[in-house]
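First comes one chain, alone, set out as structure tokens in the form predicted alone.
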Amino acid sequence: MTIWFMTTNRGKVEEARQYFASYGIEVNQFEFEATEPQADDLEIVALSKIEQAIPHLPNSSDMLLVEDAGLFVDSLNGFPGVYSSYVLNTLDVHGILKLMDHLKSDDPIQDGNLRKAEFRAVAILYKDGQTIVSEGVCPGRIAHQAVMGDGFGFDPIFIPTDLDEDGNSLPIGEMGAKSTHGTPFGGIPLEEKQKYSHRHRALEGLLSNLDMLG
């Protein structure tokens, strides 16, 4: 099986490629520029993009994947949210850090709650006129400094919460079986990021319902 992933972001493609490879599914990048709808809901945005892309699918028997994600910061009333891509291109990660510079505390738990945020992803898979939708969330907090590395987007400033033994996210400040020990996504390997990733969780939901597409 082949999935065409509609995105210009090679980092997203690599995450999806690593995930689906173990299931024998090939993922190819599909660079189609869809018109961004003016909506404040990730699912509405993703559905609009997939509808625009369907007529341009290289092979009508293949699958088409669209994923839309955003960083939602509590203290900024959910900003940048669905506008994350635009904000990244205009303010960059350092712009978000500057907006939150006044939010800090010597108490680690209070500091984490002041800077609470989450990544959200909506993934939609299309095949033969049918679609399945899956969502993924990764809770965490915004770091005080960016850590550049293999990540992309807002990875350099996002620290995920710890995970329990079953891979479930824990509250801020609670120690878990898996932890980045305060290191943002930008400073850890992709393989480790997959354990926490909102995108990974959204793709996992698609895979569990793949039989619905026949």
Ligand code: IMP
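All of these numbers come straight from a predicted model, not from anything done at the bench. One rule holds for the numbers: they count along the sequence shown, beginning at 1.
The form predicted together with this ligand is left out here; the points below concern that form.
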Check for me: heavy atom within 4.5 Å of this ligand in the model of the complex, for each of Leu47, Lys127 and Asn209, yes or no. no
| request: Find out whether any non-hydrogen atom of Asp164 is located within 4.5 angstroms of this ligand in the model of the complex, and reply yes or no. | output: no
My question is simply whether Leu76 lines the interface with this ligand in the model of the complex - judged by any non-hydrogen atom within 4.5 Å. no
Q.
Residue-level question: is Lys12 within 4.5 Å of this ligand in the model of the complex, judged on heavy atoms?
A. yes
Contact of Val133 with this ligand in the model of the complex (heavy atom, 4.5 Å)
no
From Leu99, Val137, Leu114, Leu88: within 4.5 Å of this ligand in the model of the complex by heavy atoms is Leu88
Across 169 to 201, the residues having a non-hydrogen atom within 4.5 Å of this ligand in the model of the complex turn out to be Lys193, His198, Arg199
